[in-house]
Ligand code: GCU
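One chain follows as structure tokens, the form predicted alone.
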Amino acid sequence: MPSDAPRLSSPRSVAGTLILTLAMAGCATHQPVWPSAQQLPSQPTPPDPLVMLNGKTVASPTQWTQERRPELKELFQRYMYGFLPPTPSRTRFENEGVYTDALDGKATLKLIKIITDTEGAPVIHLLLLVPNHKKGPAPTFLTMNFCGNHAVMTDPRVPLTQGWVYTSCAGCVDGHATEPGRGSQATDWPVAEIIDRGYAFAAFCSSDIDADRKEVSTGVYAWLATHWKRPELAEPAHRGSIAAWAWGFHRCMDYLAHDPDIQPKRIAAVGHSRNGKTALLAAAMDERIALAIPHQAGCGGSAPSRGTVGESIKRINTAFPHWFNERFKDFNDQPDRLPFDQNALVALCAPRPVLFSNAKEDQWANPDGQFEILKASDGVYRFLGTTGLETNQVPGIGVLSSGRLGYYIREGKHSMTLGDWRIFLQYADKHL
């Protein structure tokens, strides 16, 4: 098990409930004084991930693993995303239903309730589809949605999400899901084709963790504000919803790592737009995730913070103040003082595969800048003795560069399509 994964006791089944007891992770002990944004040096280009904060160059893979990687994880949480919530002291998994006839008999549908801690802590509802035709455990795509699991497929046995949903979600009435929303996002999630290709598919809703509302917090930060008596954690500037959602990925991994139908070392985190930012952060912070596909993730995800095309730090912090922590706002007008860029987040995934996928007309997400981020990550992959990018030039439209650091761009706009999923499957076929 990776060094930064939760340490678990042997799972035991109690009255249909799988219970795992985890060592309390909490927030690590941190240095008492860290430089302010103004005290950090200006670095107009993305800093080299192999250079420590003190200016020393990483000399060996061991030093990367033991010193630089933990330092980068600390830096990203301290200056940008906020600290991930603590690993629960006790996690329970309750089976809410198993149906072997899903998707016209192609798949087994499992509905799992993940209870993350004591009373009032988030409860994650995980939808899991496992192919019936595949012998043995299946590799898996793990995703987060924002309209609810019921929107992923039309099966009436999938409960309507009980959390807040966007007004843009079909069937939304006063922020709540209703039956007309069932299956409304099925085109975004071609689950039948994923199953046909031999992969399992797992999904959960972001509002189970933290509703994407800048004016109010009803999820994990609201719980921590009460549980830890830290009311400021519920304030938008302090929250860091992307970090909270990444924590949700990790809690789903706690379950998937012990489901006998799942290959625990072949799980890919996938997300589109803000969910792509989350998938990349989740993979960077948890080595149990074998592959990351942040699709059109843009600023705060796969695009450079120092970029001059598309969304900027200042713009994203103004529109979505709850996505990142309060210290990230200090870099609104001076992104050059960030002690890292998103190439370092990709480097935290090394040597695991990462695919950046984009659309030509989605310049808000800065597709060319994303390719530069991959180029600036390549050195770490080579340093660790593996391959990285297969090309130094942006691939042509519709051409997948399928290296360990992969890139794909198609015609079209900001969306996730069946064609995109076929590229995800092709990439996963090679690396999983």
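Don't overthink the numbering: it's just position in the shown sequence, from 1. No experiment lies behind these values; they were computed from the predicted model shown.
One more form of this protein exists, namely the form predicted in complex with the ligand; it is left out here, but the text below deals with it.
Partner proximity in the predicted complex, defined as non-hydrogen atoms within 4.5 angstroms of the ligand, places exactly one of 315 to 323, 77 to 85, 172 to 180, 221 to 229 at the interface: 315 to 323.
Within 4.5 Å of the ligand in the predicted complex, a heavy atom is found for none of Arg266, Asp286 and Phe424.
This chain appears without its partner; in the predicted complex, the one residue of Ser273, Ser305, Thr91, Gln185 with a heavy atom within 4.5 Å of the ligand is Ser273. Think of it this way: in the predicted complex, the ligand has a heavy atom of just one of Ala107, Leu127, Cys205, Ala297 within 4.5 Å, and the residue is Ala297. A residue is said to contact a partner when one of its heavy atoms sits within 4.5 Å of a partner heavy atom; Lys277 meets this definition for the ligand in the predicted complex.
The closest non-hydrogen atom of Glu311 lies within 4.5 Å of the ligand in the predicted complex. Within this chain, Phe383 is remote from the site of the ligand in the predicted complex, having no heavy atom within 4.5 Å. Within this chain, Phe249 is remote from the site of the ligand in the predicted complex, having no heavy atom within 4.5 Å.
Using a 4.5 Å cut-off on any heavy atom, the one residue of 122 to 155 that reaches the ligand in the predicted complex is Phe146.
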